[in-house]
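Starting off, we have a lone chain in the form predicted on its own, written out as structure tokens.
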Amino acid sequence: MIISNPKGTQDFLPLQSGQKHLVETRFRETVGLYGFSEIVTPTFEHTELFLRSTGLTTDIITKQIYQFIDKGGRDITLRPEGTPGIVRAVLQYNLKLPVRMFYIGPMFRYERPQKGRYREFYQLGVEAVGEIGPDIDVEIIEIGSRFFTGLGLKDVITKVNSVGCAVCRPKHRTELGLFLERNKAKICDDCKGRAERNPMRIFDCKEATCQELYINAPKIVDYLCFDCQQHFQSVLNELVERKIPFELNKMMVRGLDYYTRTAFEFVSSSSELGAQDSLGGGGRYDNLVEDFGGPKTPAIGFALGLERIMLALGTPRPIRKAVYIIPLDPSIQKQGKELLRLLRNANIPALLNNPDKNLRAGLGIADNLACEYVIIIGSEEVKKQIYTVKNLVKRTQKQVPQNQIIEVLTNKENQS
């Protein structure tokens, strides 16, 4: 019996891994423009880290974490998100602030697998720790907007909200609690639990009946204190000034307890995503460093779902780069090997056809391997000191002098 991959995981086959690399490369280039440097943290941490940050009332902690006791008796959790590990690293190594960091890596949540949602999934994220004021909020949103535009995703819009602070929330919690008590019979069982532990989490519910009911529920943005109002209005004004498309969504609170003030989500209208239209999001977490034992420190970041971005991009096309060399006779194999070394030394990806494969088979292999060119070497080519070069993208063929082959292959704009 053939063993398959575990439920909720996926294999990135060569075509998909090429697209994955393209997305990651574009992300690195974009965040680099804004002065972000890469940080790599462990894929598992002490469970306490996530209990103190992600929140005891979130679905991530109550339903989704991969938690286990290791052989040393330590309580360990595979990371369900990236931010807590980065904040831990900032404090552990006493990094000088402000600091801008980005990360790319796998995360783990035990949830029902569906299109674009896995139990092992990849996130692209940024964290700006130690910067205060609305301008950094807008800059973080702008990074996401620029990144998606650079990928060719022009249908992405940012939904924004403010989730207030410790000053705003008590009054809102009281009013929301009264609303939920009046409508207790209409809400789902999960929301009944949320109403007792953390009422604002009810806005995370995906049940249609609950979502319809909560349209009339008290929203935190309507209860903001003066400072939060000023901060949020400045964010909205700057988004308009920078011509970054956005929508105000009063029901968006994000799924993490540590957010304060600005929260946002990147949403795509791509038909490939269906109901799972979110590509990621983030917000401020001005209390998290302090919650971990550090000084009060402003911070903001976002995380994007790599798999959903790839879905929005559509079916990937092969990236053709390599050259496939086909000697037409075993006696010419030596010339083929010499050309193979020449191309690779010139940093041109190249492969050599096996002597037991004829021209037709070799062309099939080259196409299957998504090669860009095929170079054919026959007795006539050896005699005339030329190569027959087939362009598999343009479906053209021409003869090239042997001493010009590198120049021709590296100056593609001059090729027919």
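Counting begins at 1, following the sequence as shown. Treat the numbers as computed from the prediction; the structure is a model and nothing was measured.
Here the subject shifts to the form predicted in complex with a small molecule, a form of this protein not shown in this document.
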For this session: Tell me, yes or no, whether residue 218 is in contact with the small molecule in the predicted bound form, where a contact means a heavy atom of each within 4.5 Å.
Result: no
Exercise. Would residue 279 sit within 4.5 Å of the small molecule in the predicted bound form, counting heavy atoms only?
Worked result: yes
For this session: With heavy atoms only and a cut-off of 4.5 Å, decide whether residue 164 touches the small molecule in the predicted bound form.
Result: no
Exercise. Contact between residue 324 and the small molecule in the predicted bound form at 4.5 Å, heavy atoms?
Worked result: no
Exercise. Can we say 117, 259 and 308 each have a non-hydrogen atom within 4.5 Å of the small molecule in the predicted bound form?
Worked result: yes
Problem set entry | Segment that reaches the small molecule in the predicted bound form - one of 171-179, 299-307, 156-164, 234-242, heavy atoms within 4.5 Å | 299-307
Problem set entry | Heavy atom within 4.5 Å of the small molecule in the predicted bound form - residue from 102, 223, 121, 203 | 121
